[in-house]
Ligand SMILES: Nc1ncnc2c1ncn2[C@@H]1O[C@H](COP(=O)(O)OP(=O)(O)OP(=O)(O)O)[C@@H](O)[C@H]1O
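Listed next as structure tokens is one chain, alone, in the form predicted on its own.
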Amino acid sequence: MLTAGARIPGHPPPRRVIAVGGGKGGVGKTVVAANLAVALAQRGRCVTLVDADFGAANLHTLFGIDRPGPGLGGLLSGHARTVAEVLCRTSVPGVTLLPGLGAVPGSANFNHGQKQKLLAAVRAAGGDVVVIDVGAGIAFNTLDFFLLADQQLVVLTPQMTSIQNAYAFLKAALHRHVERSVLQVHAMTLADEARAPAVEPVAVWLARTSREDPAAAARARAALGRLAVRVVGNNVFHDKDRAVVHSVCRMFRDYLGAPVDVLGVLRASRRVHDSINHRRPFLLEDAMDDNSRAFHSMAEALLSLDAEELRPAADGEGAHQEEPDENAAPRPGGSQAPAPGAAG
């Protein structure tokens, strides 16, 4: 058994939670989460890495772990009572793993009560930093683990399908955040009024709401402004691809009405590709590579933000709001993503 939340002597930074998500599978979310955890640990932080890619959990594989133990599944089944019982030690000093739900049919379809239990487990994971590897898609379960964090990272590649899905993912996350943080204290129902922002850019919805109800719009802007969304561009081959990542961020800011900046860009690399098959985080193999330096720069940038100032985004109003049916059909237009430059 490991002790959750044990700190490395001499390093008392405030605890922070970082989520790594994205709209499309295969863009490198798990690789980014694993290596970012290593970079944070190498900066003296005690890191708990959470595998929240439900039904496709494989973070343990990247650390060469064959039998990760029951993990989150053990908490759901009742075989484990505390997070400390299901934490898994890795070969990287300072990094422990909270394994996810395995590839069992239906494992991603847990109910509201089970989700609350898993969210509570992640909150209790301890450590200086908690890094959550979130799965793809825009299911409520996925979005809520993404929004649990103080800092949110969206991983994408400079390809049209990845950009479109990243936009859809981030748009759904922002609307989910506004619904839970703002709308329940305003005189509108989720069944009616909340449908409007799902089919138009958030910035347009905010402008219209400012005319109809300035107070609600102000609360929405405050909630969105507290989000710390950063984009990580992955598998970049050329400088023009790097420019695409920056252009995408500008488009996200324009249409989503929230601050979205580039955290870092990772070049396409055979070494990163091979590290997956070698079952060892890339950052442990080559400390002088461009991508290694990029990971360390990203870690430093994340640690430079004041997690306490961002905390209201995760712990503010609406945290205990009764949620709509998770199995209900998606709202019209909620999952549509435009091509870059098109209205969304």
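What you see is a predicted model; the values in this text were computed from it and never measured. Note that residue numbering begins at 1 and tracks the sequence as displayed.
One more form of this protein, predicted together with this ligand, exists but is not displayed; see below.
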Report task. Kindly confirm or deny that D53, N234 and H273 each have some heavy atom within 4.5 angstroms of this ligand in the predicted bound form. Result -> yes
Query raised in the report: Might K24 be said to contact this ligand in the predicted bound form, defining contact as any heavy atom within 4.5 Å?
Result: yes
Query raised in the report: Do A136 and this ligand come within 4.5 Å of each other in the predicted bound form, heavy atoms counted?
Result: yes
Query raised in the report: Heavy atoms within 4.5 Å of this ligand in the predicted bound form: does A299 have any?
Result: no
Query raised in the report: So in the predicted bound form, does any heavy atom of V31 sit within 4.5 Å of this ligand?
Result: yes
Report task. Would you point out which of 255-263, 92-100, 170-178, 234-242 contains residues with a non-hydrogen atom within 4.5 Å of this ligand in the predicted bound form? Result -> 234-242
Report task. Counting non-hydrogen atoms within 4.5 angstroms of this ligand in the predicted bound form, say which of R250, R267, H79, R208 makes the cut. Result -> R267
